[in-house]
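This document starts with one chain, in the form predicted alone, laid out as C-alpha cells.
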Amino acid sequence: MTAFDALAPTYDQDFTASPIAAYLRSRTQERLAQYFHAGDRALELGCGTGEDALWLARRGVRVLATDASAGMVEVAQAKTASEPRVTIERMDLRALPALDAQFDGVYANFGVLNCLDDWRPLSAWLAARVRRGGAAAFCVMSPFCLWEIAWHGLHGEWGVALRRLRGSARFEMGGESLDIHYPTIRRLTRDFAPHFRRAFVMPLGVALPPTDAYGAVERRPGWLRRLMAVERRVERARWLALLADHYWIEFERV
C-alpha cells in the first residue's frame, strides 16, 4: 500500500508528537497493558512507525509488527533496531498470508481496520492464530464523528463534514486512491463472530478533534486543557463511542 509511504518520513513529527495524538495513544496503551504482559507474544496490524510495538517490547512483550506500507516498515525497522523483542514485517490485510504462528493477542491502532470493507476474512484468519481467551483490540474510526461534522460544517465543507455518514470515503494519497470505511460497533461485532466475543468499548476523541483540527486546538493551550478535561470525564461513556473520532473495541477469542 503505497498511499502511506509518503507520510512515513514525517509521520512521527506530524502525528505521534502531537499532544492530542499522544494523549489518545496513552489511553489505548493503558488498555493494551491489561492484556499483554512480559513474555507474551502479540501481533500488531498496521504498525506505522512502530511506536506501540516499541512501547510493548519495553514492557517485555514480544511483538510481530506488520504494515502494508514499505515506507512505514522502513521507519519502524530503524526505530526498533535495538529492541530484540520486536520483529517488523510487511503484510497487507487485503492479502492475508499463510502465517504459521500463534499469539496471545492482536491489536491495531488508529484506523487500520478502516482500510477494509469486510472484516469476516480477517476474523477467521486471526481465529487460527490467536489463542483461546486471547484479546483482539482495535482503534477504529467512527461512522458519526460529531467534531468532524461541526468543524467542517462551520467552514462550509459539507462534503468532508458528512463523508462518514455515507459509510465510506475515497482519499487520494501518494498518487493512489484509497477507500476508507467506517463500520459501526454492531457491524464489527457481527463480522468477528463467532470466533470472537465483544468484551469492551470506549470512545476516543469525543471532546478532542480529529487530526485535521489538531493544530487549531493545540495552538490554544487553554482550549486544549479544557477539552482534555472533558475527554477524561466522558471516555467511559460507552454510548458516546459512535460519536467520537475513534472508538476502541476489544474482543475475546472464544
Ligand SMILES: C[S@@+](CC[C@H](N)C(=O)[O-])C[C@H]1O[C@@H](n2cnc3c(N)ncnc32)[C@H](O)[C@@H]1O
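Keep in mind the model is a prediction, meaning the values are calculated, not measured. Start at 1 with the first residue shown and count on from there.
Missing here is the form predicted in complex with this ligand; even so, the following discussion is about that form.
Q. Check Thr184, Met202 and Glu250: does every one of them have a heavy atom within 4.5 Å of this ligand in the predicted complex?
A. No, the candidate spot makes no contact with this ligand.
Q. Hey, in the predicted complex, is Ala65 touching this ligand, heavy atoms inside 4.5 Å?
A. Taking the distances in the predicted complex, the answer for Ala65 is no, it never comes within 4.5 Å of this ligand.
**Q.** 4.5 angstroms heavy atom contact with this ligand in the predicted complex for Asn109
**A.** Taking the distances in the predicted complex, the answer for Asn109 is yes, it comes within 4.5 Å of this ligand.
Q. Does this ligand come within 4.5 Å of any heavy atom of Arg94 in the predicted complex?
A. Because a heavy atom of Arg94 falls inside 4.5 Å of this ligand in the predicted complex, the answer is yes.
Q. Going by a heavy atom distance of 4.5 Å, is Tyr11 a contact of this ligand in the predicted complex?
A. Yes - in the predicted complex, heavy atoms of Tyr11 and this ligand come within 4.5 Å of each other.
Q. Among Val86, Met72, Ala135, Leu126, which has any heavy atom within 4.5 Å of this ligand in the predicted complex?
A. Flagged contact: Met72.
Q) Among 46-54, 215-223, 193-201, 32-40, which stretch has residues with heavy atoms no more than 4.5 Å from this ligand in the predicted complex? A) Every other range fails; the passing one is 46-54.
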